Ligand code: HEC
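Next comes just one chain, in structure tokens: the form predicted alone.
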């Protein structure tokens, strides 16, 4: 027998080194952090990630004691991209990766408290999904390394569970409330009611769509829709709608008083706030039609899309009328992207009309929730217009 195998001391040392240097305890990460962050350690140990990687794969090897904590590498999307290249590329080319740039481009952002945006206690909380693609000045403020990993918004650290991310509640944190109540619309729709009740009873949930079914077909992390968040496009064949849209674009600052495109317009196009390419718009829209047609007839799908887009047109009609009323009174076009940083009642109502009630008018249509589209959307817009007219007297 080999002398190495006959020596008990050598066998002990070999086994000690083997188990002390496994992926579960690299550089004594686990033994130290179990006392500091027991929840994170437990999540990691119970994750599939721990079956393949150790801590240094994402956090580096420079930190080994409390004296060099600052040397810890905090992962960004590029870290995940090393192993999940296809999904990371889809994410980086989608809307979520530019989430922070979107709010950073808006004029109201820079008037907000530091904690509200950079501290993530307001809009920055959800829009931090795009922190790892922002400018160097945020890196200098330690915001990039601290919050840079966009993937963790859905694949929560340190479990990184795919199963967890595939449930509709993973979208709920951000897609809920005032201007983006998609979770409430879906959960109250027939789709959501069936899914949630069947899941609670342990029944099959595959017969109805959840968020990921329609917005992440085959696991695509691009998450792009034809109309986009604001529901605006630069091309419009319906002349009446085109006229109303021009008024709205002026109020949004996309075009000036003479109808010329502004620098903000060009920025908004890059940040996917405006749809300008009709062929691309139709390609994405047709993709959603195919998705819905897996369960419904194409005629049913097209009819619902048509009616929802007509709701958008009618909502834009009311919004444009409100803008015209204010413009006549004030001799200038109100700026809707001032949001709630306004000085008059009618400007505040206009903000609610655009960001809350108009959104629900069409978002609820696409999410098959007529109650939301009516009482939280279109009906509210009618009331908003009355309030604006009354406040202008």
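Positions refer to the first chain, counted from 1. Not measured: the values here are computed from a predicted model.
Just so it is clear, the following notes concern the form predicted in complex with this ligand, a form of the same protein that is not shown.
Using a 4.5 angstroms heavy atom cutoff to this ligand in the model of the complex, all of 36, 150 and 161 count as contacting.
Interface residue among 311, 252, 196, 214, judged by heavy atoms within 4.5 Å of this ligand in the model of the complex: 214. Only one of the listed residues (115, 203, 83, 269) places a non-hydrogen atom within 4.5 angstroms of this ligand in the model of the complex, and that residue is 83. The chain is drawn here without this ligand; in the model of the complex, the stretch among 218-226, 241-249, 254-262, 313-321 whose residues come within 4.5 Å of it by any heavy atom is 218-226. In the model of the complex, none of the heavy atoms of residue 347 sits within 4.5 Å of a heavy atom of this ligand. In the model of the complex, this ligand lies within 4.5 Å of some heavy atom of residue 65. In the model of the complex, none of the heavy atoms of residue 352 sits within 4.5 Å of a heavy atom of this ligand.
This ligand in the model of the complex is not approached by residue 235, whose heavy atoms all lie more than 4.5 angstroms from it. With contact defined as any non-hydrogen atom lying within 4.5 angstroms of this ligand in the model of the complex, the contacting residues in 80-118 are 80, 83, 84, 87, 88, 91, 95, 96, 98, 99, 102, 103, 106, 108, 112, given in sequence order.
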